Ligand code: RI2
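As structure tokens, one chain now follows by itself in the form predicted alone.
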Amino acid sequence: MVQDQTWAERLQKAASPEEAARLIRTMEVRGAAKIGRSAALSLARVAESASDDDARKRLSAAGRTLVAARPTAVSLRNAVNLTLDGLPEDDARLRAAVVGRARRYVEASEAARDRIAERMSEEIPDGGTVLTHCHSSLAVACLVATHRSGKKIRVFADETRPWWQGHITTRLLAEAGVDVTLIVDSAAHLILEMEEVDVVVTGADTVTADGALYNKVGTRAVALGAKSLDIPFLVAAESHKFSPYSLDGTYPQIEERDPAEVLSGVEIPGVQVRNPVFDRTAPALVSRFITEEGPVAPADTERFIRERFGTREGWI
């Protein structure tokens, strides 16, 4: 639980919507859950600093600025909409209502992390070998929780070029005392087979109503490898990672970033570069989503989303 002083400190340190959006776009704030919490805190800061007369206008503009910063990660859009929730209150009560919803979102997100980590640790066998892809703070929490439960596990994590998020994952796991090995991206399938990996654990950027996973590019390749070797593919996903917008047929836009990230300062005349950041992993490749509410099968995601989000009147 976030205590009052900590909450006040967080609000004081929260970035403005424009700065928060910049930090998200430039990857200075990364990880879907962290992005969502940053957005909620930013909106709470706007609500606290606005007057009753201009709060509605400022919050609406701030919400749109934040949502535009990362189109694929649904936790960002959900954080904005759950915090604003259509701005239904009258002007006199709006500011306090937004701050309250932002606080509930942040606390729920952090509590979900702990519950999912505990649930995931039950899925990983003692003496097991795990492969993880990219950097997910939630996936790291799951693996650390498994290690701290007394189970002896080995973890393989890939680099995840061009932003090298795997370096973050391996450093954090090593600091927690987990037996972890860094591998190149293209070695994932080989390691799955050669090291007799027991389970793959990833995070999620978005889960859609058809049971598909949108996550860091390369996830699909790992999932295909796991499927071919009959290895369970488990996804750690807070309920805020599920997309209510997909119920209406609105699916994530695959973001592409600057080609310069791939080239790393090297010029190759006449060569075009593509830099997609995410990919879609089909429901058939996902064993189950581990949420704070319990496991969710890909076939049950539509029901889960409808029960979790209900109506979305006035949402961005």
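For every residue, the number given is its place in the sequence shown, counted from 1. Everything quoted here is computed from the prediction, not taken from an experiment.
There is another form of this protein, the form predicted in complex with the named molecule, and it is not shown here; the text below is about that form.
Asks: Just one of 120, 180, 138, 226 has a heavy atom within 4.5 Å of the named molecule in the predicted complex. Which one?
Replies: The option sitting close enough to the partner is 138.
Asks: Scan 84, 134, 234, 222 and let me know which has any heavy atom within 4.5 Å of the named molecule in the predicted complex.
Replies: Exactly one listed residue reaches within 4.5 Å, namely 134.
Asks: Can you pick the stretch from 244 to 252, 43 to 51, 28 to 36, 264 to 272 whose heavy atoms fall within 4.5 Å of the named molecule in the predicted complex?
Replies: Stretch with heavy atoms near the partner: 28 to 36.
Asks: Run the contact test on 70, 165 and 203 with a 4.5 Å heavy atom cut-off to the named molecule in the predicted complex and return yes or no.
Replies: Checking in the predicted complex: 70, 165 and 203 are all within 4.5 Å of the named molecule.
Asks: Can you tell me if residue 215 lies within 4.5 angstroms of the named molecule in the predicted complex, counting non-hydrogen atoms only?
Replies: Within the cut-off, so yes.
Asks: Considering only heavy atoms, tell me if residue 278 and the named molecule come within 4.5 Å of each other in the predicted complex.
Replies: Contact with the named molecule, yes.
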